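A lone chain, given as structure tokens: the form predicted alone.
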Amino acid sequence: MIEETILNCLKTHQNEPAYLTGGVSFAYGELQRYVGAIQQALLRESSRAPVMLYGSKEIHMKAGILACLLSGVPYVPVDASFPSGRVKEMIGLAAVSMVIGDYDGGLTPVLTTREIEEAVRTSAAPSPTAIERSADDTAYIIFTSGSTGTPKGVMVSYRSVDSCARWLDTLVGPCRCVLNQAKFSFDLSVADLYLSLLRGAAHFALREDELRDFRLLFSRLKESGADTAVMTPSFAQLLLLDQSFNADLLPRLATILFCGEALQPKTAKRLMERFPGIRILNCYGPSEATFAVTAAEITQADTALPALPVGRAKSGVEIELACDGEVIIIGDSVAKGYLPPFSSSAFFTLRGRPAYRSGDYGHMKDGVLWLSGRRDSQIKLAGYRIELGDIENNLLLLDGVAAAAVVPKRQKDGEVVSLTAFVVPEKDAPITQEQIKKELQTQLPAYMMPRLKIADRLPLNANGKCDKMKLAGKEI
């Protein structure tokens, strides 16, 4: 299983770079000492109750993940930017026994970063070891937004982590430095975290302050020398707004893996122009299915299509479509379910295997999955049912449009009264609001036409996706 692979990686790459963040580099030997120090504290607790990892991109976050994984203790990654009330909710829901990091909210014992550093400095920590556990035990709990306003904890097993990580390793292939965009509290980070470990590669993590400062961000990108990157499509669109995001900045970049949102053909095309020969992997999968379950390598020909495929299912997974086109995921990547008190009919058993109703709609062609929308992105306006992604895709097909997002305006009772499209023009070929309206009217019926607003860029949420809640809050 994956723990033995991780131990071997820590021991055989002692002097090679393991983790780089904020201008600080840690070799695998140093990472091993941090893992040992945290595991020693976990074993003193003599409990296998979940442990919260609290912080951002600090070394204790990555080392904490590995220590918990090796100790058979479920880890719960929580970013320090989360509101205190939400963090307390998560601690209660997950029945957390300890917090690793500088959390000062009370409720549970805390292993601080100072204590970890002291253990590492005094060499008091033994080498980490793998503690026996079952493949069906919970490896991690990751929280997603709940429709009730209470976060839902998704329980992912060791079996699912191992299956997903080894598939990703085969999918991506050899790599020496993997670029991380996502917070560890977002399951997109599962890909870059485990890819780096399985290959003994460097893991270059971008911090929140770097993501907010374009000059610092591009300096870090150049410094990384990454040959592999894991990111959201919205983050790539943001980077592409600057002409210096190209092969001169990242000359070794050979593969970009996307997940979390729909990758647009125009985005893929522009990346291929900026990075000749780049491999673009378009993946699909919810948190409830361990990061991703399908992947497609996008070709130049694909970029001429109105939408991109999300590919074939990984080994150990089947994709089926319900009668209404909803995607059903079956197999070893499906999570164990939600933490109580949540339960959901979306998790069920099919032909003796775990299955999950995704809420995504799509169709299959020659074994390849194509997505067409989500249940929660369909709205009803003036009696017409409208898929917001349909409008966004038509906007992105227009020359001169770099990015677009459509949000509904609702009354207090939830009824949709209008639609607004926020459009980011390409800097090298700008398009006016009048031009957009004129061209869009040739593609969409009148009832689907949104109001138009020109924007410099689309805001990103904490997970690096387009922040539609923030857009909806703007005066429109």
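Basically, rigid core = biggest C-alpha set you can superpose within 1.5 Å across the two forms. We number the residues from 1 along the sequence you see. Everything numeric here is computed off the predicted structure, so don't read it as measured data.
If you look for the form predicted together with ligand AMP, you will not find it shown, but the lines that follow are about it.
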query: Any non-hydrogen atom of Pro128 within 4.5 angstroms of ligand AMP in the predicted bound form; finding: no
query: In the predicted bound form, Thr255 touching ligand AMP (heavy atom, 4.5 Å); finding: no
query: Any non-hydrogen atom of Ser287 within 4.5 angstroms of ligand AMP in the predicted bound form; finding: yes
query: Partner contact for Gly260 in the predicted bound form: ligand AMP, 4.5 angstroms, heavy atom; finding: yes
query: Answer option from Arg121, Arg351, Arg212, Lys380, heavy atom within 4.5 Å of ligand AMP in the predicted bound form; finding: Lys380
query: Heavy atom within 4.5 Å of ligand AMP in the predicted bound form - residue from Thr267, Ser157, Asn393, Asn282; finding: Asn282
query: In the predicted bound form, segment of 371-379, 236-244, 317-325, 176-184 with a heavy atom within 4.5 Å of ligand AMP; finding: 371-379
query: Residues in 303-322 close to ligand AMP in the predicted bound form, defined by a heavy atom within 4.5 Å, in order; finding: Val310
query: Residue shift check between the shown form and the other one, rigid core fit, Arg215 Cα at least 2 Å; finding: no
query: Post core alignment: Ile386 C-alpha displaced by 2 Å or more between the shown form and the other one; finding: yes
query: Inter-Cα distance between Pro306 and Tyr447 in the predicted bound form, nearer or further [3 Å or more]; finding: farther
query: Direction of C-alpha distance change in the predicted bound form, Gly325 to Tyr447 (at least 3 Å); finding: farther
